[in-house]
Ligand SMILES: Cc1cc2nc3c(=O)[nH]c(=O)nc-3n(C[C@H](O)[C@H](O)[C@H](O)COP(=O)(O)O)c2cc1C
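Only one chain is shown below, in structure tokens, and it's the form predicted alone.
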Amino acid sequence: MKDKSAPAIPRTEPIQSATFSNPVNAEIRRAAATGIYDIRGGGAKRRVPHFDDLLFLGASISRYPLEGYREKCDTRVTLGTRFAKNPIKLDIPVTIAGMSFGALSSPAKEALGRGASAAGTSTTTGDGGMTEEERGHSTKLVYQYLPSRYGMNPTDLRRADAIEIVVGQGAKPGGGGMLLGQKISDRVAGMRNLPKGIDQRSACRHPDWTGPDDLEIKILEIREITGWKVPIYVKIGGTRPYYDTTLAVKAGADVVVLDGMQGGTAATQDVFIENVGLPTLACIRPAVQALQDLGLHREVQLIVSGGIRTGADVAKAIALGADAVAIGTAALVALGDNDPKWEAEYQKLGTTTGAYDDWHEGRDPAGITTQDPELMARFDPIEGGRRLRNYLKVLTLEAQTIARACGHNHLHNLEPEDLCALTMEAAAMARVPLAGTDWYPGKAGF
């Protein structure tokens, strides 16, 4: 018989499985109900070692700081000095990454051109070709040459200030992006020479070459088309950065663009975004090491992209050896995407401000990642350009402030010795000492 006088044993709180968490279970149920994999944009959401795991060591006695606003800190960078007759000269080392017309609206592309030009930097076409809005408002425009060849033609190739041969992207190295039919308007279809309203998938590899030897031939072909005037970039996704950088340089690249997994405004399979590629932080030092081993560091410029958000991120990438950075998602947020003023409409789409990653569905309330005329009309490209210029200005001022604090009169004088790491993982990836020590995992002699 049960002893009624015995105290009740308190129940423990139920514990959610770390392996079968609510989001994991929700995805299993979605897959079971639909039989198709999930597609989204927005880059990886998982937590990986990033620039937040690094800190700068400001000057004190052993190093002498520069006086802010009184002593200059140069930010200029020249890209394409290796072979190009007309290298690109930028006032700031922050560029706009490739985001296609189709994925973005034409007013958004115009705003990117306006903002980048006002800040003294470049923007990039992305998949889908060159629009007159972007070309007309970009003083420096990089033309992407992608495996899909969407929108590619020799005339626009010759109108560009640089050519970027895209081999891979950080969110989907080895895979292609997707543009769903609801975003394929008459104009988008015409530029891509594909049917209106039909889902499009970008190819994952170039149709006319299969390796680094062929890449060298392709680079020479493009140099002939452009009269050796403009720089040739090669963009690689972060997977094997040492070898890919080496091969890109040996094929004749003027600039290497290295894209980590936190980047990616374009849509692809969710399983791809979260499980393929390397964190941006893990990519930089191997790529820099490749350039140093070739004796070409700073002669062949390195642009790093994937999760750049603040001036501190800019400064940290440069301290690790990059010449410049590229921003994509941050630029869209600066234009006004994911703005809380549209929260009610994001809720109607089944999401929320800051979590909206269904850009590929073409229903963006902000009018930036859509081809819907009514939604596009909400976005003012002049105001968007002004906002982007302001954001780029702040990034630059923040990076300058950090460089001065470390005693440097040019951003490119920042170096790994100015950094320490807060975690073992970040110390190993960035090859900078764990805070309070002079050691990092894998350091020679330990």
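Computed from a predicted model, the values in this text were never measured in an experiment. Note that residue numbering begins at 1 and tracks the sequence as displayed.
Just so you know, the form predicted together with this ligand exists too; it's not on screen, but the next bit is about it.
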In the predicted complex, segment of 77 to 85, 93 to 101, 226 to 234, 132 to 140 with a heavy atom within 4.5 Å of this ligand: 93 to 101
Interface membership of P279, this ligand in the predicted complex, 4.5 Å heavy atom rule: no
is_contact(D323, this ligand) in the predicted complex, heavy atom dist at most 4.5 Å: no
W359, heavy atom within 4.5 angstroms of this ligand in the predicted complex: yes
4.5 Å heavy atom contact, L146 to this ligand in the predicted complex: yes
Non-hydrogen atom within 4.5 angstroms of this ligand in the predicted complex for each of A116, T396 and Q400: no
Proximity to this ligand in the predicted complex, single hit among P241, G151, G263, G367 (heavy atom within 4.5 Å): G263
Position in contact with this ligand when the complex is considered in the predicted complex, options I222, L215, L247, V166, heavy atoms within 4.5 Å: V166
